[in-house]
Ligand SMILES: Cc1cc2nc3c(=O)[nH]c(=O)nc-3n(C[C@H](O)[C@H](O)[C@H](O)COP(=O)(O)OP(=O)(O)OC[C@H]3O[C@@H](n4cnc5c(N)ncnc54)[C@H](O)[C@@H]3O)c2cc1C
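Next up: just one chain, as structure tokens, the form predicted alone.
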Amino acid sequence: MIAGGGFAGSILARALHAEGRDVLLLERGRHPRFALGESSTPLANLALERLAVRYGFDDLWDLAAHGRWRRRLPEVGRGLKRGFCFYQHEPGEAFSPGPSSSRRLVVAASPDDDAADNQWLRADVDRFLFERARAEGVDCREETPVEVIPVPGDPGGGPVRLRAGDRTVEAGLLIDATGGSPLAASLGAGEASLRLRTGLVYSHFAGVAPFERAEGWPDSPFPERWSASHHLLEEGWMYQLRFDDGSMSAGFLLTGDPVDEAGTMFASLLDRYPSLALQFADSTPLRPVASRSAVAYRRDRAAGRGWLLLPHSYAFADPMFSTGIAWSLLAAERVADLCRKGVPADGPLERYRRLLAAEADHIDRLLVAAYRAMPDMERFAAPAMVYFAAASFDELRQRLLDPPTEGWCWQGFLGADDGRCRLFQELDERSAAEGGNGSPAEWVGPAIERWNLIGLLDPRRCNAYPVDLEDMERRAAQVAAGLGLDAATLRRRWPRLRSPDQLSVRRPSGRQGAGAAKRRARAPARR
């Protein structure tokens, strides 16, 4: 049974159903409902493509690139995302990129709009994927909260007993995909200590002007309005995610809890930064501005006998660097693999628990270092370059190398189980040191060299890094060595960097192949 009908729960329910498992998918609310966690990345798209290929889910293939999504699923809201932008603001001053663009950082994630990532309008995406699961035969129920029924004296050795709406059910495995609800605590996952504590003030808006390049700014590899925009401030940072219909998701992540009424606080923060105030001068909230305290949370374990947590039920630190969707999809792949032969035994569940814990620690080190550096862009460059080197290395190897025996899903997210673990630890340690030998920015170039296959920190770029396939081909020997290939093999594999427009997959024989054919027959027609 899966509790939580968001994108991860719905995709996992479909995968388990395709594997022949009996699945009950329960959503406590009713679609469409508002949700945050809206910015995808290339690693998320690779996970979508792998799931699409394995199970014949054409819609997941289409959701993995902006051009395919726009052409084939126009009814599902999304926004073009060409990459990441970071801007360092000063209170009371209009934004300026500074000498050599020292207060601005732009990192592209795709070579063009067609292959680009997306901002996910979650109300649309979650509803669409939930309906797909239902159309393919998953037992899906809305407005059905889940409550664990304690069994006196039970040490956790049998099926989990639950109250699901007005029914009592037993689940061989309960998967918590609710995203931080009290369900995890009732399963025995206690609260763990946190290092990052933030508040959030947020909404969706209409009429927000673009934060565009002004005269005299260095060139950019893409129009910067179409990015995950990060505005680094004294109080924390602001995200801006623009959707194709012109609306925008925007919010302030604050180093303290919100102290005023949400709308008042949002307006007062804008007023401190003239360039942001100008952007929002003619804007209108599409829903009441809201606030949250204690955004970050962490559970002390991610699995036990008869249950497991998906990442957003286990741990969340901050949306900086858009790690959430990719990590959730990677875990959904893992759980589908765990359940391929039925309810997983204790050993595989323990492996899942340990890997999720290592990944949560890994992400935490990155984000804590980023907060320590803000709003100083020179210091912030260290965690940013560590993230982009680690992420781009995984993107390249997942495209250009053959998968390991167990598949990419059992490789640690962002290198949490390889040499990059020590890289993130050193970043954390250096960012915490006061009066040490040099700032984090001074060591980051040599530190990331092993994984920096895309030319980060090239001074000719003026802090604006494109996806330059021609430049990568010129550096084929370096890229090949970094991936453990010879240059000739790498050149033959260059076409793998671009996904085909159409999903093409050979159907396996047996139950899964028959299920794929049935899914195609049942899938709702695209409007």
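Owing to the predicted nature of the structure, the values given are computational and were not obtained by experimental measurement. Note that residue numbering begins at 1 and tracks the sequence as displayed.
The same protein also exists as the form predicted together with the ligand; that form is not shown, yet it is the one meant from here on.
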property	result
All of 45, 83 and 391 within 4.5 Å of the ligand in the predicted complex, heavy atom check	no
Candidate stretches 25-33, 477-485, 492-500, 56-64 - the one whose heavy atoms come within 4.5 Å of the ligand in the predicted complex	25-33
4.5 angstroms heavy atom contact with the ligand in the predicted complex for residue 463	no
Close approach of residue 456 to the ligand in the predicted complex, 4.5 Å, heavy atom	no
Touches the ligand in the predicted complex: residue 146 (any heavy atom, 4.5 Å)	yes
Interface membership of residue 122, the ligand in the predicted complex, 4.5 Å heavy atom rule	yes
Contacting member of 452, 323, 110, 291, with respect to the ligand in the predicted complex [4.5 Å, heavy atom]	323
Within 4.5 Å of the ligand in the predicted complex: residues from 173-211 (heavy atom criterion)	177, 178, 179, 181, 200
